[in-house]
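Heads up, the chain below is alone and in the form predicted alone; it's given as structure tokens.
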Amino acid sequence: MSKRFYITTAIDYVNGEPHLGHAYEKIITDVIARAHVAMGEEVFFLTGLDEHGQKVEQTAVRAGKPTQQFCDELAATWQAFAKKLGLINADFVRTTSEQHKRVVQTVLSRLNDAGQFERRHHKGWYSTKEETFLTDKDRNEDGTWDAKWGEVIELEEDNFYFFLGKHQQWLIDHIEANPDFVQPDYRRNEVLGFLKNNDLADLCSSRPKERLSWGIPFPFDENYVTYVWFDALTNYISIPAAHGDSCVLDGLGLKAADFDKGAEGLSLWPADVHVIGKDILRFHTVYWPIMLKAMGLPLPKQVLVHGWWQKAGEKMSKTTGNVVEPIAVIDEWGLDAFRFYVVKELDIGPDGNWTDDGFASRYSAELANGLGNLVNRSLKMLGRYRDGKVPARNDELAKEVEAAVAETVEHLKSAKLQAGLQTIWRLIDRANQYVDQTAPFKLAKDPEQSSRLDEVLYNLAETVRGLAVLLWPYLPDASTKIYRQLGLGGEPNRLSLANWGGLTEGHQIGEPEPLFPRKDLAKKD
């Protein structure tokens, strides 16, 4: 079985509600996944939840609920959220599942057998919020602890440590030899800077049960549970194992029969892309590669790192009410409008700034007046002047459309999603300009210009068809609606369909309907 394009989001910590950052990460991952579907590849897109750890346990206690029940209820919310975003994820991982626990415990046992753990006594500072030990290097210059660590307490306890330090030079060499492994480049440089200027400390990979019971038990010491990040990162291989991936199964000494879905025999690992936020860069580009090397498994091909969102130039905060509620925006404006804004507004890498006025402005100018107006007036004129029947082929805009298609495909191959949308919108602007320049409504009044009108109408209809194909990874609902309005069956989900000349003479189009209805943009009281 051929390997599928395997792409993942980070798994979300299940101690709260989904927010804009979660939505953004899932949407850009979905666009990349759909782009590879459109390129003719089989794709496996994974997202899901990280359900273990002290914060989850404490939040469940405050809610007065058993921890598993608390996780189950929130998992339903998060799964509904993924559906609301229109994701094409093939699976949804939960780290409380038995299949995931089996893989984590297998990994721990194999690493222990290989001498990769050492039990040590440690006394030091501990961030309860981030569930990690700190050193004096983590202090502010004045000796205080940054607010990001939350409550910092002094702890003294025994734990199991996973050897990271001895792999430090190997990891530096790997990152330098594989420049695409961490992207964008400045995130790669950040990782290399960290590795070259610090001695890599070994990873505390356990927590005593007397302090934390909500975790996967250590298979070789019942007094401990697994550190939440060691548990969470393993999801990227536990799901391939569950689907019968021979690379993972053979590497860990597991059998497909150990898993309900194992008979599928999917080929997934190594991951093609891990999409993550910048705050968890070190976990995915330092800890995870070394864990995989110690397991004897191949490394993912790329870790793609995105930035954070602000709102109106300020950090988002529920306390101050300065937040964006993705579901509320989708309910008011539509899913494709939300997907469009977050991808067009923010390139993958830097931080972004959401403004309500900016969203409304983009909706009006680019979706309603740009794309929506082009599709509507092109098809309405074809209906009015030719009874909805496509004229003979004409190639006046062919080269411009073909150039836009080629450019968009190259952007999608390298996950340059914002650049891809910008290319598509230049084509939309060009087509709207073409309407203004050729003035088909004037041509229709002159019988001697009938053949010229046919040429213009064909070029507009065929450009609209090409746009439907190019837009499918980004705006799947609008893309499919355009196809239906053109009277075409199937899904516009293959980029090869964008080749010029797909509309044939005499084809009957459907009825045009507004894609993005104009809204009253006046500020509400």
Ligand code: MSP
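When you see a residue number, it is the position in the sequence shown, counting from 1. What you see is a predicted model, and the numbers here were worked out from it, not measured in a lab.
The next section is about a form of this same protein that is not shown, the form predicted in complex with the named molecule.
Asks: Counting any heavy atom within 4.5 Å as contact, can you tell me which stretch out of 305 to 313, 85 to 93, 132 to 140, 172 to 180 lines the named molecule in the predicted complex?
Replies: That would be stretch 305 to 313.
Asks: Of the options Y224, W229, F162, Y363, which one has a non-hydrogen atom that comes within 4.5 Å of the named molecule in the predicted complex?
Replies: None of the other options qualify; the answer is W229.
Asks: Just to be sure I understand the contacts: of I509, L515, L503, A10, which is the one whose heavy atoms reach within 4.5 angstroms of the named molecule in the predicted complex?
Replies: For this set of options, the contacting one is A10.
Asks: Decide whether D260 counts as a contact residue for the named molecule in the predicted complex under a heavy atom distance cut-off of 4.5 Å.
Replies: Close contact is absent here: in the predicted complex, D260 is far from the named molecule, nothing within 4.5 Å, heavy atoms only.
Asks: For H100, is any heavy atom within 4.5 Å of the named molecule in the predicted complex, or not?
Replies: No, H100 is distant from the partner.
Asks: Do I276 and the named molecule come within 4.5 Å of each other in the predicted complex, heavy atoms counted?
Replies: Residue-level check for I276: yes, a contact with the named molecule.
Asks: Give a yes or no for S206: in the predicted complex, does one of its heavy atoms lie within 4.5 Å of a heavy atom belonging to the named molecule?
Replies: Although the named molecule is absent here, S206 would stay clear of it in the predicted complex, with no heavy atoms inside 4.5 Å.
Asks: Taking only heavy atoms into account, state which residues of 30 to 58 are within 4.5 Å of the named molecule in the predicted complex, ordered by sequence.
Replies: Only a single residue, D50, comes within 4.5 Å of the partner.
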